[in-house]
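Form predicted alone, single chain, as structure tokens, below.
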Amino acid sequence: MATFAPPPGTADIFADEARRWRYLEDTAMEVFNRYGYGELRTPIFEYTEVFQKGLGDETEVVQKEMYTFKDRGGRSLTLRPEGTAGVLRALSNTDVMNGVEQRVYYYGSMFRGERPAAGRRREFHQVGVENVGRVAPLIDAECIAMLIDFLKTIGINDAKLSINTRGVAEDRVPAGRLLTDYFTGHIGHMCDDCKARLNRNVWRILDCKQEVCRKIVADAPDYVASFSEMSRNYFEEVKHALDALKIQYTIDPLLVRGLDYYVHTVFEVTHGGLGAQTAIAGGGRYELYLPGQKKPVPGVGFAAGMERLLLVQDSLGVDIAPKQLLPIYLVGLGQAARIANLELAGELRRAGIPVELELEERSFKAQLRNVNKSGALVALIRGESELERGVGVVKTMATGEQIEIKDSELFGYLTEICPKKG
């Protein structure tokens, strides 16, 4: 049989896997609703400048990974590589600029031109949240607590939380000078990307994954010590709140996250079940500039990779998504029986019971093969003889037991023995 695969880095999601995806989405909605978050849906593409301005021209995402194209009017558009910039573009049309808090969550496809690997696709999916409009350490801590709550609810109880502080814009000058002085003395032994980052954006060196660079980065000076007292006190309040919530964490001075809009608190959640790609979620506090605005939009949020969450569940042997209910299968021999079954199927479906039935003329043997393939709990069998006698034959598939039920009693009997949706 000829096959036609989707583009590299993308995947088709069929029914049984989609069941697990839907569970993640539904659980996210349930957990985030408890914290006062409502859903926001934004376009799958934005004007390119939304990401250039919001994420920073020097980030790896903007420099190397975005899928950008021109529309018929010659305007530059980009498939969203992450969720925050588009969400804040939407919320900037509300009153968040006046300090009115907005709490939203989202999920959907994101796109980055990366080399595909386990847990990393070119089209990937994220569930995320943004708390926008106000700035406070306890808001940051609550956001982290909500992420941990969500992970535990979907069966991931042993994830590791790392946190750090990025300070504020004013802290970057002395801290950046400290890092630049240090890396200048080692740059000859570092990768070509880090050599370019030294003058372009020294903070990106801390994010380098090359082993030769990681060893040098590990001995970098404590740049947080050069931050202002206000920034350090902010971070202390976040840690104190997490301690009060009994949330375990590790302080990672090399955690800076890959986007330029972060300030103050940054955090990442990892799990060993992914192999080399350990990160399953991350986020932090940010100040994001939008095109045409001189004042940044403040917020805090996170995003979790849904493919990675599923991989972690697999590594733990966790599948707590509700199974699809097994159907009743209606077998009809002859046109009159098929019509009668079609009517009954409508009644049962309206009652919340899944039903499959044969709508074409097929042999009894062929229909029974379809019954077995469907995994049905019971089969209702009707032909000319059953219609004349006003009965249906109900067969329990697990045992093979068959009983006759009067037509007038079929609906009540089937709704009684079969589980319902809703």
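For every residue, the number given is its place in the sequence shown, counted from 1. Keep in mind the model is a prediction, meaning the values are calculated, not measured.
Keep in mind the form predicted in complex with histidyl-adenosine monophosphate (HAM) is missing from the figure; the text below concerns it.
Open item on the list: Between histidyl-adenosine monophosphate (HAM) and Arg80, Leu91 and Pro298, in the predicted bound form, does every residue show a non-hydrogen atom at 4.5 Å or closer?
Closed with: The answer is no: none of the three residues contacts the partner (heavy atom, 4.5 Å cut-off).
- [ ] Just one of 162 to 170, 71 to 79, 124 to 132, 336 to 344 has residues with a heavy atom within 4.5 Å of histidyl-adenosine monophosphate (HAM) in the predicted bound form, so point it out.
- [x] After filtering at 4.5 Å, what remains is 124 to 132.
Task: Residue (of Trp203, Tyr107, Phe302, Phe150) lying close to histidyl-adenosine monophosphate (HAM) in the predicted bound form, criterion heavy atoms within 4.5 Å - done: That would be Phe302.
Open item on the list: Please identify the residue among Pro327, Pro137, Gly273, Gly282 with any heavy atom within 4.5 Å of histidyl-adenosine monophosphate (HAM) in the predicted bound form.
Closed with: Of the candidates Pro327, Pro137, Gly273, Gly282, Gly282 is the one lying within 4.5 Å of histidyl-adenosine monophosphate (HAM) in the predicted bound form.
TODO: Using the partner position in the predicted bound form, report whether His186 sits within 4.5 Å of histidyl-adenosine monophosphate (HAM), counting heavy atoms only.
DONE: Flag for His186 set to no.
TODO: Although histidyl-adenosine monophosphate (HAM) is absent from this view, report whether Arg103 comes within 4.5 Å of it in the predicted bound form, heavy atoms only.
DONE: Contact with histidyl-adenosine monophosphate (HAM), no.
Task: histidyl-adenosine monophosphate (HAM) contact at Arg232 in the predicted bound form, heavy atom, 4.5 Å - done: Residue-level check for Arg232: no, no contact with histidyl-adenosine monophosphate (HAM).
TODO: Answer for Arg197 alone: is it within 4.5 Å of histidyl-adenosine monophosphate (HAM) in the predicted bound form, judged on heavy atom distances?
DONE: Arg197: no contact with histidyl-adenosine monophosphate (HAM) in the predicted bound form.
Open item on the list: With the partner left out here, which residues of 95 to 121 have a non-hydrogen atom within 4.5 Å of histidyl-adenosine monophosphate (HAM) in the predicted bound form?
Closed with: Tyr106, Arg112, Glu114, Gly119, Arg120, Arg121 sit within 4.5 Å of the partner.
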